[in-house]
Structures are given as structure tokens and as C-alpha cells.
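Encoded as C-alpha cells, the following chain is the form predicted on its own, with no partner shown.
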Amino acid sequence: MTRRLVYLTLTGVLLLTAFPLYFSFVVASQDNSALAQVPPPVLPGENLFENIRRVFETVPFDQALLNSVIVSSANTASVVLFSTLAGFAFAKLKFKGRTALLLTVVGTMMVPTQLGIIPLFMLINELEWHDTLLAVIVPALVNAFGVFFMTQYLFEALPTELLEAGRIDGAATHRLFWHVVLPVARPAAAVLGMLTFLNVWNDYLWPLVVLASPENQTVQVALSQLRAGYVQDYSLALTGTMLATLPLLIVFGLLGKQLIGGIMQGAVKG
């Protein structure tokens, strides 16, 4: 009886969670005028492909998707690599000023992102990177959250004895990182990679500030243009949103096994 109640509760939560996504698909497959009906439609319509065609005709959505894939992939790879390197150093290597430097890195997380926009914009202009993808990629190559996240994970998950055994066998620090640290850090790296990809993919403010040309805009900026106009075309906007969600589902599918492995590893340790 208790197990049945748990399954019913989980099923109810799943349906409530999935309903916004389903209703977005319903709206994306309807004509905009159909949405004014009372009660609103709850079944998919026949205008999905027509709405998809209008999305690509209204804005350069294919180029925006490609730009977002480039920016998100580059930032995800760099954040995971540099954060794992820094986390390994802070968690397991001894050097002068380690604690003070880690506290400084963590302290930067308290500074609101909006405070850095103006000086960062001035720097980007000095480098003549305005309206290029470099202006979006380079400032986000590493972040304090990733460093702190990997430091905490490696401090607990990476046995010091394993590193000492590697050193006794003659492995240098860079070999220890590639052959010992990276395999241990894989579950946390998958979680950090997915969080970073989601964060960069959904970033709107900074790309809006530095990317002016339509061919350089990311998908979130392109979506904002679909919502422009005196009359809101919700079918058009939600069709674009559905298309922009597909790459996120693909990333989750690729990293899902590692995510579940990381969660199960944490549960066993707990």
C-alpha cells in the first residue's frame, strides 16, 4: 500500500512537471487565433510545421542555434577542464596561500553579475571583440562556482593515498591529473558540464549587450525577437522555444547516465 502511494505520488508529480512542456507543444501546433478560445485547446493542432517555417523566416534561427551550440560547447568544455584543474590543486596540492586564494575565488561569487557588465563591456571594446562570439565565450571560460564545486567533490572523493601511490610509481602531477583525477571526477564533471551548458544556453543579458548583428546573435536573443511586435504571437514564440529546448534534451540524454551514476555514488557514500 505504501509503495503504491509512492508510485501514485511520483506519477502525479511527473504529470504536473511535464504539463507545461506538453502545453507549450499544444500552443506551438495551433494557430494564434485558436488560443483565444474558451476553454483553450488541450490537444495538438495541425500548424506545427507551418509555425516552424515562420520561425526560420522571421529570424535567422538556424544561425542562432549554431551560435548557441558553439558558445555553450566551448564554455562547457573550458569550465569543466579549468574547474577540475583548479579543484585538484585546491583540494589535494599544498602551496603557499592556498586557503586565501580559495576564499578569494569563493568571495567573487558574492558579487552580482550586473556590477561587472560596464567594465567588461569597456574591455571588450578595447579588444575590438564587440559583436563577435569571442565576446561571449572568453569571459565565461571559467567561473568561481565550478572551481568551488570541483574542489569540494575532489576533496571528498579523491583519496590522498591514491595520489601518493601514483607518485611512488613515478607519475608526475600532470599524469596524475589525466590518469587518476579525471576518472574520479567524471560524475561531478558531468553535473558541472550540464549545469554550465544550461546556464550559458539560457544566458540573455550579456549576449544582448555585446551581439548586435542578427547573424551573431544567440538563440535567447533570437527568441526575444519572436516576442516583439504590437500583437503577441504566442504560437510563434512557443514554437521557437520548443526548438530551442531540443538541444538541452539532447545534452541531458548524453550526460544522463553520468548524472545518475554521480547521484547513486553520492547516495551510497551517504
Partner chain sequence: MRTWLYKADTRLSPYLYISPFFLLFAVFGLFPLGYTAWVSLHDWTLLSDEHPFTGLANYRELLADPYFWNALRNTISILLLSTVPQLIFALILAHLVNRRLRAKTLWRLGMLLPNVTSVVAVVVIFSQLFGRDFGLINWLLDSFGLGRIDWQAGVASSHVAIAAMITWRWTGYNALIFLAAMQAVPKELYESATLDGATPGQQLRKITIPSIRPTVIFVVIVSTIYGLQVFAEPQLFAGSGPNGIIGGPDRQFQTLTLYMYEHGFNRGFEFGYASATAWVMFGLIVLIAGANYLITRRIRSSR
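Positions refer to the first chain, counted from 1. Just so it is clear, the model here is predicted, and its values are computed rather than measured.
Not pictured, yet referred to below: the form predicted together with its partner chain.
Proximity of Pro40, Phe121 and Val209 to its partner chain in the model of the complex is complete: all three residues have a non-hydrogen atom within 4.5 angstroms. Interface residue remark: Ile70 is not counted as part of the site for its partner chain in the model of the complex, having no heavy atom within 4.5 Å.
Remark: Tyr204 counts among the residues lining its partner chain in the model of the complex, judged by a heavy atom distance of 4.5 Å or less. At the 4.5 Å threshold, heavy atoms of Arg54 stay clear of its partner chain in the model of the complex, well away from it. Not displayed here, its partner chain is kept clear of Pro159 by more than 4.5 Å at the level of heavy atoms in the model of the complex. Contacts with its partner chain in the model of the complex, taken as any heavy atom within 4.5 Å, map within 212-226 to Gln220, Leu223, Ser224.
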